[in-house]
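Next comes just one chain, in structure tokens: the form predicted alone.
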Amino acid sequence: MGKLIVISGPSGAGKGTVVQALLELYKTNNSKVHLSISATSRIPRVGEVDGVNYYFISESEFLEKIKEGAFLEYNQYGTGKYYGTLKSHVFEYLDKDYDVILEIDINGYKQVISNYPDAVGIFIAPPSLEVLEQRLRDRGTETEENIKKRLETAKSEMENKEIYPHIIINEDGKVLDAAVEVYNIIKDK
């Protein structure tokens, strides 16, 4: 059976970039890995493909799956839309000896740990909140209001990062170092 890995961190910490580098490390080492695809009740955006970007399901279907206990974790966000990780999707790969990576938030991690205590929790943190703010500003895609909201959320996430057994600092220009550190943690488990 493969390992379930949960990677979390605030927006701007670089977790997505670290995960992409991690997937390349798996490929280089001929190791089996799968980046989990979440289900969502929102409609697809232009260019998104069902079963590739997300599993797009209706809100009523999502709520039915919650009642059935079909999710390893789920959440409803400020937009009113649901997002979650289907147990069937995850276990399909774990049973084939794939390591499965979930890139989810702290609330999702808490749910995963309560459902699957053997999951490996890794928190990707920025070197500081100041660096995080600069990264968010450098994106050039966020309004000032969104930056402030993301920073408030990031502060809360950083205050709760200790619930993760592993915390990796993603230094600027050292994504590969962070990915190698994550890879070594996983392979040592």
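The structure presented is a predicted model; accordingly, all values stated were derived computationally and were not measured. Start at 1 and count along the sequence shown; that's the residue number.
One more form of this protein should be noted, the form predicted in complex with guanosine-5'-monophosphate (5GP), which is absent from this view; the next part is about it.
field: Option from 158-166, 138-146, 124-132, 34-42 whose residues, in the model of the complex, bring a heavy atom within 4.5 Å of guanosine-5'-monophosphate (5GP)
entry: The contacting stretch is 34-42.
Is it true that 54, 77 and 83, all three, sit within 4.5 Å of guanosine-5'-monophosphate (5GP) in the model of the complex, judged by heavy atoms? Every residue of the candidate spot has a heavy atom within 4.5 Å of guanosine-5'-monophosphate (5GP) in the model of the complex.
guanosine-5'-monophosphate (5GP) contact at residue 99 in the model of the complex, heavy atom, 4.5 Å: Although guanosine-5'-monophosphate (5GP) is absent here, residue 99 would stay clear of it in the model of the complex, with no heavy atoms inside 4.5 Å.
Query raised in the report: Is there a heavy atom of residue 104 no more than 4.5 Å from a heavy atom of guanosine-5'-monophosphate (5GP) in the model of the complex?
Result: The answer is yes: residue 104 has a heavy atom within 4.5 Å of guanosine-5'-monophosphate (5GP).
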